[in-house]
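Before any questions on binding or motion, here is one chain by itself as structure tokens, the form predicted alone.
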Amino acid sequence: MEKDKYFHSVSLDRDECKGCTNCVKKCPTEAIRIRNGKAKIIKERCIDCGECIRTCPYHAKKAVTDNYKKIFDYTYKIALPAPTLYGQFSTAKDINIILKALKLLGFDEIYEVLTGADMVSEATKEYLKRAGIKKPVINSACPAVVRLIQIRFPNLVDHILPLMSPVECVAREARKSAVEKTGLPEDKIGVFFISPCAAKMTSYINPLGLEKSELDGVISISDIYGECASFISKLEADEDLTKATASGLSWAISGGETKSLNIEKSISVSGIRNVINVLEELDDERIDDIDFVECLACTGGCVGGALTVENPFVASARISQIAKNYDISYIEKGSIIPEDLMLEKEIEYIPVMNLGKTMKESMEIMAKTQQIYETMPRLDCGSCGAPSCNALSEDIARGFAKELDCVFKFKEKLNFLINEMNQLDD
């Protein structure tokens, strides 16, 4: 990958695309257009939330993740299952059965991401006590939300929690432990996250606030689900492999991170459009007296990820039921301090939404956009291939589209020409 090129884990299969506009209308950042009968993803605006993957009836939008077979490129293979995985199997009443199935897939060791969730929760509690921090603090565990803030809400960048994600915390611990245990060099040890969403692949290639990710790959839950399910139906929970806690498991569900912090002045929101609404209110300073905001791009939390298999509401209920069998947390109060998990680099604003290269050019395009918009039907039908009349007006002003791409403007022009022809005929 080129140094300055941003990797996206959502891709388009043009051969499968029918140009139906479903994705155009569902994309929360207006990153998709239909041009020449095919979808086009504006990569600068894409946040890899996976909405287009869920929406596309032709499966033309796909998530780019690592093939499960990649684990065999390494001598020692470590799986980092997301808590979401535990809600995917109706026949597995015990987490240990699922972890045994992962070992049968070829992994030598399992490190559960939920242990990292507990670590981040404890560090967050300590961080929130500090004077002078920007409040409300916005969680940093969802890479799609962080990317959204980076490109659209510059005033909120300083509010993002500057701590590593649970998966990066666990990956670091797993690698260090494996080197000590096996004596193998680090490049012989493969650390793989079992992910519910495409955005985690993006954050592995473009690590947020880190020089380099501790992972060696990201495998989707849907990729390993079938083989895991075939093992699970034959296994028994005769070995204690899990370090599950109720608080760690709850991170898979919207509100779980907030609940683990045990703070009153907080908001939990899931679903990318709901997240945008809340961020807009925060940006306009219409929400006050709040210490912490938990934002998750997928509806219902990570259980609603585009790479899961089970219905998110069923998975959520299943995880809540499993959590009742475990203690709240194994982390001692004050044992994890923010410095242990602090990001290496500041998360910065990325000005990809600018209309022009300079302020003057941006203002000119903005004025032209408004002028064009005044002539539009303002129905936001999407027939033009843009998500709204305003988006089409902007595309026209920037030279990416034509006025006659609007079917109503085209019809208007056609009627005008017909009338002209009739007058000539007369």
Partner chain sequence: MTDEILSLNYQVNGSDLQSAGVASSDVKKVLRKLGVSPEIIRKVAISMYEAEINMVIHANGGTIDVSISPEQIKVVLADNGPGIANIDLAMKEGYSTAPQTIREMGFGAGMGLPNIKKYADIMNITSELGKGTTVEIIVNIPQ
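Bear in mind that the values here come from a model prediction, so they are computed numbers and not experimental data. Residue numbers count along the first chain shown, from 1.
What comes next is about the form predicted in complex with its partner chain, which is not displayed.
Original post:
Any of the heavy atoms of Asp283 lying within 4.5 Å of its partner chain in the predicted bound form?
Top reply: Answer yes; at least one heavy atom of Asp283 falls within 4.5 Å of its partner chain in the predicted bound form.
Original post:
Using heavy atoms and a 4.5 Å limit, would one call Tyr349 a contact residue for its partner chain in the predicted bound form?
Top reply: Residue-level check for Tyr349: yes, a contact with its partner chain.
Subject >> Proximity of Gly106 to its partner chain in the predicted bound form, heavy atoms at 4.5 Å >> reply: Looking in the predicted bound form, residue contacts with its partner chain do not include Gly106, since no heavy atom lies within 4.5 Å.
Original post:
Does its partner chain come within 4.5 Å of any heavy atom of Met353 in the predicted bound form?
Top reply: Met353 belongs to the contact set for its partner chain.
Original post:
Of these, 177-185, 254-262, 151-159, 164-172, which stretch puts a heavy atom within 4.5 angstroms of its partner chain in the predicted bound form?
Top reply: Looking at the partner contacts, the answer comes out as 151-159.
Original post:
Can you tell me which residues in 355-373 come within 4.5 angstroms of its partner chain in the predicted bound form, by heavy atoms?
Top reply: Heavy-atom contacts within 4.5 Å come from Leu355, Met359, Lys360, Ser362, Met363, Met366, Ala367, Gln370.
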